[in-house]
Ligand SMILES: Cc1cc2nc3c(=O)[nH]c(=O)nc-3n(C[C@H](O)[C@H](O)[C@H](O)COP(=O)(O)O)c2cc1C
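Presented below, as structure tokens, is a lone chain in the form predicted on its own.
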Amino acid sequence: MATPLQDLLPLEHPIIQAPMAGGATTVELVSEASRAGCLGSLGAAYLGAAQIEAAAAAIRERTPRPFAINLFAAVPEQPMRGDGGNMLALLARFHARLGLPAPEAPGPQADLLPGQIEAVLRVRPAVFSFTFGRMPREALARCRELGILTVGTATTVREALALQEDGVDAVVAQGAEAGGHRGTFLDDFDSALIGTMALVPQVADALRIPVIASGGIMDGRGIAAALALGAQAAQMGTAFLCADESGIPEAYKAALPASQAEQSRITRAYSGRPARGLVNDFMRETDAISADIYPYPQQNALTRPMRTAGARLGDISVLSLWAGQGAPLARRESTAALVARLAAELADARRRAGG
């Protein structure tokens, strides 16, 4: 019953623990997911080269099984079009509530990507995955020479075809239900909000390389559906956020299974780039002045002190509560227990569907 992608890596289960940057994908989470027979993924977009190498070494100390490292592709800089003063004034109120100094307008952000790519090439994980766009073809070629599989993220068929043309080994088809940042890079964000059930079969029909389904998949039923639609694996993020080994704050973990699907919303409030999460005070107030949000990555840098303080205090009114529309289905359990449950549910779903 294994898919070709499972055999290639190899994996016991057609499951990829999604790479979630910002601290969720700890060394413990990644290594436990891989040990359980999935592909664990390190979200390394905010890590420096030395941090990537240290994390990879720590994962390898825990398991010899394959894992992935994920980065954000470079995105064109966008000018600030609104009134930054309004954004700073709004954020100042939240800073005061958290005991932080008044925020200052963000300056240019350092480009970590070249050093990050070199670190990935030195580490040589089983898989190098990326989102937000395309990677330089020379980087993909070097991965091929080193035996590193490359996986890009697409939200439309056009983007998937572009990634295939670039030479990636597989494509993640990210449906509109998916939590966190949108991977859109060729089309505008609104037109690229295609549901997983509609997107996956279209991408699978268009490509000659493996497709990985992502978005709203929370249990074995969802994995079975993704495979039936033509995917060779399911990438799951929100389901792993509540795992014991996940690095998100306890208040965040508690909020996910207690949420309702209609609380899920796409916003630019936290990073300047559209991302799906649970609505809270900061998202609501910032969306009301959306024209004055700084572009990515300046907005991301601007809100970082608030988010850090919120995590320390367990204040979910200011945290970026990234989560997919399936968040109410999340469960609090260890990574090993989660994977075992998913495998049992997948087997049951296949039996009920007649194999």
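Just count from 1 along the sequence shown to find any residue number. Keep in mind the model is a prediction, meaning the values are calculated, not measured.
This next part talks about the form predicted in complex with the ligand, which is not shown.
Taking the partner from elsewhere, Ser271 is found to have every heavy atom lying beyond 4.5 Å of the ligand in the predicted bound form. Mapping the unseen interface onto this chain, Leu29 falls outside it, with no heavy atom inside 4.5 Å of the ligand in the predicted bound form. Contact annotation: Ala178 falls within 4.5 Å of the ligand in the predicted bound form, judged by heavy atom distances. Mapping the unseen interface onto this chain, Pro14 falls outside it, with no heavy atom inside 4.5 Å of the ligand in the predicted bound form. Using a 4.5 Å heavy atom cutoff, Gly215, Met236 and Leu241 all lie near the ligand in the predicted bound form. In plain terms, the part of the chain that comes close to the ligand in the predicted bound form, with a heavy atom within 4.5 Å, is 317 to 325 out of 285 to 293, 317 to 325, 299 to 307, 60 to 68. Contacts between 13 to 36 and the ligand, taken as any heavy atom within 4.5 Å in the predicted bound form, involve Ala18, Pro19, Met20, Ala21.
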